[in-house]
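Take a look at this one chain, the form predicted on its own, written out in structure tokens.
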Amino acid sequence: MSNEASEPKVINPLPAPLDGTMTVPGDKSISHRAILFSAMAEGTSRLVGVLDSSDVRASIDAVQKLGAKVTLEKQTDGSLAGGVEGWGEAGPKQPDGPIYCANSGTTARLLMGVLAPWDIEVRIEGDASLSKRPMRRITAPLMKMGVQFDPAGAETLPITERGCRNLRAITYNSPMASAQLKTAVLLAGIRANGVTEINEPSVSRNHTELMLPEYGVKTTAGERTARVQGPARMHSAEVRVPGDPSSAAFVVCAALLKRGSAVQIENVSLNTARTGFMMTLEKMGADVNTRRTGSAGKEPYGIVSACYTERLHGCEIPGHKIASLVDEVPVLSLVAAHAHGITVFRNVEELRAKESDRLEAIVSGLALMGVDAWTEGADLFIEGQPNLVVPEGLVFDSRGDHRLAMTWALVGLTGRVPVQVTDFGSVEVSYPDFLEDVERLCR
């Protein structure tokens, strides 16, 4: 994703309510893991429904530079499907140059765990935004296992990693709930001698624990604990990627805010570690529901439905629930701006370390709309206005952040006056056809 300046995108109000059934692109978190795990495995894995976005392309490019053979092709629905032939027991090859992760924090952080057991030296780089995001949370536990990083105490990219063939298994008590941290440690632990265990203060996404057994890795998963027994051999697998609930959240919220709307989104991941936004909307009185229709491996999927809801009310989201909805806080904040009363998100300091400082961006963006929002310590407060009238001529700064770009776009789509959003192209990170998909529901 480029952070270069471009003309703001004009987002016009939708001409009619959202109505109908649709699908959203494949889950970004699962897509990354399917690519990386397949590259680590022996043999050729078959993948279906992989998200085609700039973030996932960064993972594809990374494993290709390390020696995996990727034959994924674009499908009629816009997804990627095909094969990934992994390096298996031979290990990754020494790349010709640095591995550039663009804006993808998942690629950079998980890659550190992928490279950990091999004695090659790899420089990991990212764009200007990614180069500001914290990495020591990943390097610290990997150093305990025997991995070397240069510079050793680096907080951010670029960083050079040298793996170790004789990794030590560790028990690590993580200071934060982070699926990326957990995954990096578990991936290193696959080839360590003994049991590698990571304990978290609250629940984080469990896609790694659900997927690793598909590749032959015995994995134990508890509510806040995960462990692997190493050394283990990974074999090829077949993975079907369900729709991304984080992408679905924007369509759901659009339907809630656009009078007369009623939508159904099919084939969405219903993993409980990802559907916290639906439970939050239910607490706010929204007309939303889910229905399971099947599973892809151990990942449940189904239908998410939402209808326009005239009266919403504020609620409090406790800190231990934030990990299940952290990517949806921006768009939930927009819904809260239209609700009666005050909505409180507890312990959301992690939002300061995303693609942008999302916490400050939310407060600033809502202020443009005339909505009072503020932080107290690690908590975010929003005082809603049920009859909110958005002034004309607003220009929202997406800060090159895909979640913010889509959130501020909803102000225009569901409102009465056009708005402008800077660097709207950042949606390429997770949902390239977002605007087209929403507009199609009005035809």
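Each residue number is its position in the shown sequence, starting from 1. Predicted, not measured: the structure shown is a model, and the values here were computed from it.
There is another form of the same protein, the form predicted in complex with shikimate-3-phosphate (S3P); it is not shown, and what comes next is about it.
If you check 326, 237, 234, 312 against shikimate-3-phosphate (S3P) in the predicted complex, which one has a heavy atom within 4.5 Å?
It is 326.
Residue (of 85, 197, 350, 372) lying close to shikimate-3-phosphate (S3P) in the predicted complex, criterion heavy atoms within 4.5 Å
Partner contact (heavy atom, 4.5 Å) among the options: 350.
Looking at 373-381, 408-416, 22-30, 64-72, which lies within 4.5 angstroms of shikimate-3-phosphate (S3P) in the predicted complex, counting heavy atoms?
Among the listed stretches, the partner-contacting one is 22-30.
4.5 Å heavy atom contact, residue 178 to shikimate-3-phosphate (S3P) in the predicted complex
Looking in the predicted complex, residue contacts with shikimate-3-phosphate (S3P) include residue 178, since a heavy atom lies within 4.5 Å.
If we define contact as a non-hydrogen atom of the residue within 4.5 angstroms of the partner, is residue 106 a contact of shikimate-3-phosphate (S3P) in the predicted complex?
Close contact exists here: in the predicted complex, residue 106 approaches shikimate-3-phosphate (S3P) to within 4.5 Å, heavy atoms only.
Consider residue 205 of the chain shown here, and say whether it contacts shikimate-3-phosphate (S3P) in the predicted complex, taking contact as heavy atoms within 4.5 Å.
Yes, residue 205 lies within 4.5 Å of shikimate-3-phosphate (S3P) in the predicted complex.
Taking the shortest heavy atom distance, is residue 298 within 4.5 Å of shikimate-3-phosphate (S3P) in the predicted complex?
Residue 298: no, not in contact with shikimate-3-phosphate (S3P) in the predicted complex.
Can you name the residues of 113-151 that have a non-hydrogen atom within 4.5 angstroms of shikimate-3-phosphate (S3P) in the predicted complex?
Going through 113-151 in order - heavy atoms within 4.5 Å of shikimate-3-phosphate (S3P) in the predicted complex - there is one hit, 137.
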